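A single chain comes next, written as structure tokens; it is the form predicted on its own.
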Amino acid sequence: MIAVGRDLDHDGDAMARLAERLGLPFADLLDPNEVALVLEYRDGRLSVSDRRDRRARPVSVGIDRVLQRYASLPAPRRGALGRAIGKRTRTVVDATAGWGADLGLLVAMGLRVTAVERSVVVAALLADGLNRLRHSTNVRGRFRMPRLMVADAIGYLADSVDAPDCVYLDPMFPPKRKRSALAKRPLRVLRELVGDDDDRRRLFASALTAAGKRVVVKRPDDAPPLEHGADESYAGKLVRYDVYFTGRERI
């Protein structure tokens, strides 16, 4: 179970409004043994803490930290993700925003990005990360603030009026079978919050219909493609990006 923690550094009413908006109880009103994840502020960041492992660091969205890696913005599109996105792409829908790591890379490239997240808890963390990016004095250069939509991406793409150049998909990777190969804790926490993306193929079909030029799908390097027939693939470290052109990209 996930609950909201009370925070002495933040206004109690604000935390109560957050709990009400997300439909979550307060952790201190529950049996501690029933609470696995706690949403609370740590070092000025809205974070998720895992009470099952006190040594684990809280998980928060660090889009501002992603952009701080670059000496200047917009960043060149030289890496595997940049090449998969394509030089002619200007607008992107990140349909599986998650913790926002790839969202930060897309923003750093100077793209106009709409981030879609269906989990209200993850979306709250993303909103906090974007708010910090908006007020960051350490990110220098030109970039566009992304737009965050709290919605199911399948329905959002179906209802979208303006076709984005690219739809980017990073569906939940298949769970690791061996304990030695377990995903890192942030991904395990994300899986607890959003599930296994069992509708990933429906999402791909919706993305292919909505995208103006291409759909880019991130996959583990040892996993089969989400769908066969990729037009291009670009290998990164431990992952690859499969690119599917729409009819309009081929013109």
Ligand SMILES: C[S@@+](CC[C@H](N)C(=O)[O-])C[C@H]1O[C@@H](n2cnc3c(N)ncnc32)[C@H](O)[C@@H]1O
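The first residue of the sequence shown is number 1, and the count goes up from there. All figures in this text were calculated on a predicted structure; none of them were measured in a lab.
Just so it is clear, the following notes concern the form predicted together with the ligand, a form of the same protein that is not shown.
Interface membership of Val194, the ligand in the predicted bound form, 4.5 Å heavy atom rule: Although the ligand is absent here, Val194 would touch it in the predicted bound form, with heavy atoms inside 4.5 Å.
Phe143 within 4.5 Å of the ligand in the predicted bound form, heavy atoms: Phe143: no, not in contact with the ligand in the predicted bound form.
Proximity of Ala124 to the ligand in the predicted bound form, heavy atoms at 4.5 Å: Output for Ala124 is no: heavy atoms all beyond 4.5 Å of the ligand.
4.5 angstroms heavy atom contact with the ligand in the predicted bound form for Leu73: Judged by the heavy-atom cut-off of 4.5 Å, Leu73 is well away from the ligand in the predicted bound form.
Heavy atom within 4.5 Å of the ligand in the predicted bound form - the one residue of Val107, Ile85, Val93, Ala153 that qualifies: So the residue touching the ligand in the predicted bound form, by this definition, is Ala153.
Option touching the ligand, based on a heavy atom within 4.5 Å in the predicted bound form, out of Leu37, Val59, Leu190, Leu226: Answer to the contact question: Leu190.
Answer range among 97-105, 73-81, 158-166, 130-138 for contact with the ligand, defined in the predicted bound form as heavy atoms within 4.5 Å: Among the candidates, contact is made by 97-105.
Neighbours of the ligand in the predicted bound form among 110-125 [non-hydrogen atom within 4.5 angstroms]: Residues within 4.5 Å: Val116, Glu117, Arg118, Ser119, Val122.
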